[in-house]
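In the block that follows, a single chain appears as structure tokens, in the form predicted alone.
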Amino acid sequence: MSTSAPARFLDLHILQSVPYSNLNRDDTNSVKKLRYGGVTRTRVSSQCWKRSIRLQLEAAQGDAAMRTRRLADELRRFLTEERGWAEDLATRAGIYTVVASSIGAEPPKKKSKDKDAEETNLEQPDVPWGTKAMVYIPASAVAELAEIAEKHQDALAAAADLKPGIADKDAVKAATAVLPREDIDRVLRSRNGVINLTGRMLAELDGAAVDGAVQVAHAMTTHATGVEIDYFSAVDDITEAWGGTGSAHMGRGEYSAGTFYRYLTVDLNELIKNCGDLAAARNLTAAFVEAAITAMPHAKKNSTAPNTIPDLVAVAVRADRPVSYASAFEAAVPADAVSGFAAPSITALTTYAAAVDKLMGASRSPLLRAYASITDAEGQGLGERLDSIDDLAEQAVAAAFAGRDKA
């Protein structure tokens, strides 16, 4: 690759051993699996690991976002707790805000009768008014929506409540005129760093969609895995104190263990376009690299504590296209009698990376290849060895933005 070509993609390749755990369950509480290379492996979905990355990144940046259909309820909470609004008016403001938006409102459907409802013969919702689609907005957007509600507080006070569960189309149509749709939609189109990274699908609102700048593969073990069934029971302390036997609860869970290959890539051009600011894109890339390496899913954390760090992290900064090394493990890695799966997985990754470089040719060589590892295993096929994740992230980001700072 010509050294004058700007970097386009920053690839991350991570090998990480995880002990007995179930980081990501399917709809039956089973370990997620896949068939690859003729064997069954353990899988962690990209959505699962990406959520952990997103939350860690947001905490580090101090700039949270929220995915929710309960915007009306969150606005009610904000107005009552932060602005001192009366509960009934704040509830009306939340409902009228989502009704007025281009996304539209979803009236409560699930209902029950509580004691007060029986006395008044009114059905009460179990689920409050929501938006017709899940919104993904900066957390700060709630305060901006509250500002709009405060500007129109008199109109809201004079408006009528929309009764839950009743398809009163005329009342809903009239409610859309109480608050300014354009102002609300503008807030719902707003975005922050993590939205610029991960993207947003919101077809209901023109101009709200954002193409994600990161791709995250489903993590998979480099080798075949089985599922372990854990039968468990909970002791009743009083029964035990009285000399009794038996348990208060019995159950079963599924777990597995293994060495995972994780692959992520950042489209630098897309991120810079989304951010509209080179410095912001660079800072966001650095934060994402750190979070991508260190974040862990939290499923069953209290009973398995699977808080490992990667065995190896490799980066490749490329100008042409991203390249996954997943094919390095299409043939399942056999366990090493001495070091388990981690060491042979590093060997397989190193060998495959060298083969890719040879096949792709010098004209397509990465602008930077480097790695850091907790083991002493050599990874010549992965480029220069660095001492730490900090060193790796710093060099990767520097290579990714080299020359752009002068543009």
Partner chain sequence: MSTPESPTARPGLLVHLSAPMQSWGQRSRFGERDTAAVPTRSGLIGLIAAADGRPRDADLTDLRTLRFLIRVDRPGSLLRDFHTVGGGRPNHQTVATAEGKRRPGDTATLVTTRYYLQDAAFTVAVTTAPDPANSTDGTGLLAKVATALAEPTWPPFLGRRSCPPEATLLLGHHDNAWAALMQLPLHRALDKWNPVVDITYSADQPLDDLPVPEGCTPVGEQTTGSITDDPLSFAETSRAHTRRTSYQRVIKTPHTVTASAGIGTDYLDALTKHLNPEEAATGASR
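All values reported here derive from a predicted model rather than from experimental measurement. If you superpose the two forms and keep the largest set of C-alpha atoms that fall within 1.5 Å, you have the rigid core. Residue numbers count along the first chain shown, from 1.
Keep in mind the form predicted together with its partner chain is missing from the figure; the text below concerns it.
By the criterion of a heavy atom within 4.5 Å, residue 88 is excluded from the residues contacting its partner chain in the model of the complex.
Residue 351 belongs to the set of residues with a heavy atom inside 4.5 Å of its partner chain in the model of the complex.
Within 4.5 Å of any heavy atom of its partner chain in the model of the complex lies no heavy atom of residue 378. Residue 324 belongs to the set of residues with a heavy atom inside 4.5 Å of its partner chain in the model of the complex. You can rule out all but one of 142 to 150, 245 to 253, 67 to 75, 300 to 308: in the model of the complex, only 67 to 75 has residues with a heavy atom within 4.5 Å of its partner chain.
Distance criterion of 4.5 Å from any heavy atom to its partner chain in the model of the complex singles out 55 from the list 343, 367, 370, 55. Screening 312, 214, 284, 137 for any heavy atom within 4.5 Å of its partner chain in the model of the complex leaves a single hit, 214.
Core-superposed comparison between the shown form and the other one: the CA of residue 68 exceeds or equals a 2 Å shift. Annotation: Cα of residue 311 displaced by less than 2 Å between the shown form and the other one, core superposition. Positional change of residue 208 between the shown form and the other one reaches 2 Å or more at the C-alpha, relative to the superposed core.
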